[in-house]
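In structure tokens, the next block holds one chain alone, the form predicted alone.
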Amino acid sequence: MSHFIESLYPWYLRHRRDLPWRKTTDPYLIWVSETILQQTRVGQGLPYYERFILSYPDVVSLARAHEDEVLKLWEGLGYYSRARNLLAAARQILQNFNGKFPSAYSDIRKLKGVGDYTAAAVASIAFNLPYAAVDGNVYRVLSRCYGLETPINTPAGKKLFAQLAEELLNRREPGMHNQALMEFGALQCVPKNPDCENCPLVNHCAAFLTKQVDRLPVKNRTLQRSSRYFNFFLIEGVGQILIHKRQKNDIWKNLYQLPLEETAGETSAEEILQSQLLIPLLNIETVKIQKITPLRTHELTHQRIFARFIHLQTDQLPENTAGFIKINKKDISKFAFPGLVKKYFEENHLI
């Protein structure tokens, strides 16, 4: 561990970014930041963090929030299960710990949505507990420094890297150690074209010495994305539109969206307008087609969405909207929509 202490820590003290969650040991603030930064770059996540903490400065205020409000704050950040889990965990803390963030690793780990990495990060940074936090940055640094070729997305790889991280952990200052290692991976030992010549660990880096920097860490190929075809209907009548809330255990759960018809593949405009979804909502013979967009692609981690938006105008929306909600167009911004739908609204100056 000596080369990490001698080289990594001074590097961290010189180069660490000035981030708000590094100026506190409040476990709530650290937990929120770690949750936001999952699958999210710091530059993108920072304004969300600041707005979130402004709205919910402590775990009790979050626990008492309405889910729609939390999702609206999260709008555009993606991976919305993170927001739902934050709210559920805050309510766990209020119910089981009287609103005080738990200080034991085992209790933190039991919170909704909290995995090994987040529990270790919060426990070490907030409570100085000796748990190694292993994220994608740490996988990369350890893989390169030690020349490890075991795929990081396999059970064997996860076990190997977790054991090594525990062996290297500075048990006197675990929080600083974890942050230094993660920051080093984020700024210095980056995925592509790292500045190895100016790396303080270059003389100890097996990947550099064996010219394998570009191929480490190893990751097994994952399954290809599935393709889905979404047809969204913007049904407008006298300044109102129809929306509804997604409630199935699927992507974008509990976000709002326009009426949606999912099809097995790409459909023609004529087929779209014969959608069974429209029958209880419109007199299809009198509706005016304002615009049908070309298919657009929206990439998710495991899915590729091909989406088309159909703007329909009618004299009046029906009284019975079959589970849909009628809202004024001026109120669209009050609801949390998936990024794909929000972008369409923005393009058409609806928000």
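The structure displayed is predicted, hence computed values, not measured ones. Residue positions are given as counts along the sequence shown, with the first one as 1.
We do not show the form predicted together with the DNA, though everything after this point is about it.
- Contact annotation: the DNA lies within 4.5 Å of heavy atoms from the stretch 40-48 in the predicted bound form, the single such stretch among 40-48, 308-316, 55-63, 322-330.
- Put simply, of Y131, F101, W252, F127 only one has a heavy atom within 4.5 Å of the DNA in the predicted bound form, and it is W252.
- This chain lacks the partner; the member of G237, P151, G147, G78 within 4.5 angstroms of the DNA in the predicted bound form by a non-hydrogen atom is G78.
- Taking non-hydrogen atoms only, V114 approaches the DNA to within 4.5 angstroms in the predicted bound form.
- Within 4.5 Å of any heavy atom of the DNA in the predicted bound form lies no heavy atom of S268.
- Using a 4.5 angstroms limit between non-hydrogen atoms, M182 touches the DNA in the predicted bound form.
- Within 4.5 Å of any heavy atom of the DNA in the predicted bound form lies no heavy atom of R296.
- Residues of 145-174 that come within 4.5 Å of the DNA in the predicted bound form, judged by any heavy atom, reduce to P155 alone.
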